[in-house]
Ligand code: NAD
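Single chain ahead, by itself, as structure tokens, in the form predicted alone.
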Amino acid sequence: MISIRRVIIIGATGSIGRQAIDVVARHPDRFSVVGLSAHSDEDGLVAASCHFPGAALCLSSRSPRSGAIAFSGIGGLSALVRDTDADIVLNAASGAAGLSVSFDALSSGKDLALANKETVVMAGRLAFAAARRASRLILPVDSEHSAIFNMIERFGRETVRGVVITASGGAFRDEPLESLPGKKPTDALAHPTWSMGAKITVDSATMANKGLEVIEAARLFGLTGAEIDVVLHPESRVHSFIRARDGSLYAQMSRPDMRLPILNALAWPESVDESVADMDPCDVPLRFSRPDPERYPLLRTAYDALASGEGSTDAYNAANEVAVAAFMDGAIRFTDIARVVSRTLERAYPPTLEGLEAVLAVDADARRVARSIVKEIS
């Protein structure tokens, strides 16, 4: 008899959260939602909860109007994760704000389905140590890392000598380089393939998202930067490759639908029948090419940060969050995002961060530096 997995969804009103709710609705014999959170979309949270009577609710940004929401604020979010009886937490919180959720999930004895890549970029070694102490799993939800994880589990880590992560190239992949300084936030949000939140869609246009994914892959799978390659793949049908020791490439292929990696994480290690991402191999021709370093300087910056150590990757994430927010507010140009990040990383950061206090200190310092650079160039 199949046991039903009890799921908490953090970021339930965002893109990943909404698709996770759909996954649960498609497989009620496999999953039940026992907790939901949103940052500020109270109406969306209440609407989502209508499908899951009895689920605990949290609005993390403020006190709610609705009496149906029992938890609020950051403390309430921690209490929701820690105190709700669940098997797995899907962390789809955006940015560094999701860091504490990951540690709360693991320390309270729950598996972690991780769509918050910042957890691994900022504090991966600490998160994996927390998972080992609690004998729990960290299961990647990003389509690229889900693909690598599933292939490595099938082939065995000892058979893999490298990975290739694919990238769509974002909204400006085919735009003339000289046009990029004049691009507006609305232009950057026109992603050619995926439907995602605003911040990650801008990150796709700069390929900071791929830089973060390179760092995440290194720490998830014990790889060096030299063992991780990135290629442009506009059709978004191949989500990653692994390279076997004999040089062969193996690919995970499907239509671009985040419900597949969400399902794989929630159900692991079981396999569940599903068709949402079924792909016809004759659907579209598949193309691959190298990213242009002039168009995507933040990708190279990410590799450099990875080589420099934990403090630099922490600072990379912090500076990018500040720069993207400034671009979205109209304070800086699109091409200034990379300038802010690279200048922030000119400072020296500790190669190793011992404890969350050190992680948060570097994060705060890098944000302060990045904000001063934004003020200087705006």
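In case it trips you up, residue 1 is the first one in the sequence shown, and so on. These numbers come from a predicted model, not from an experiment.
Keep in mind that the form predicted in complex with this ligand is not shown, yet the notes after this line are about it.
Practice task
Answer with yes or no whether A315 is in contact with this ligand in the predicted complex, where contact means some heavy atom within 4.5 Å.
Solution key: No, no contact at 4.5 Å.
Exercise for the section: Would you check, heavy atoms only and a 4.5 Å threshold, whether K210 touches this ligand in the predicted complex? Expected result: Output for K210 is no: heavy atoms all beyond 4.5 Å of this ligand.
Problem - Non-hydrogen atom contact N116 with this ligand in the predicted complex at 4.5 angstroms - result: N116 belongs to the contact set for this ligand.
Exercise for the section: Would you check, heavy atoms only and a 4.5 Å threshold, whether A93 touches this ligand in the predicted complex? Expected result: It does: once this ligand is placed as it appears in the predicted complex, A93 has a heavy atom within 4.5 Å of it.
Exercise for the section: Only one of V231, A97, V160, V272 comes within 4.5 Å of this ligand in the predicted complex by heavy atoms, so just point that one out. Expected result: That would be A97.
Problem - Of L266, L80, L260, I200, the one that lies within 4.5 Å of this ligand in the predicted complex (heavy atoms) - result: For this set of options, the contacting one is I200.
Practice task
Within 4.5 Å of this ligand in the predicted complex, counting heavy atoms only, one of 334-342, 47-55, 63-71, 34-42 shows up; tell me which.
Solution key: Residues of 34-42 come within 4.5 Å of the partner.
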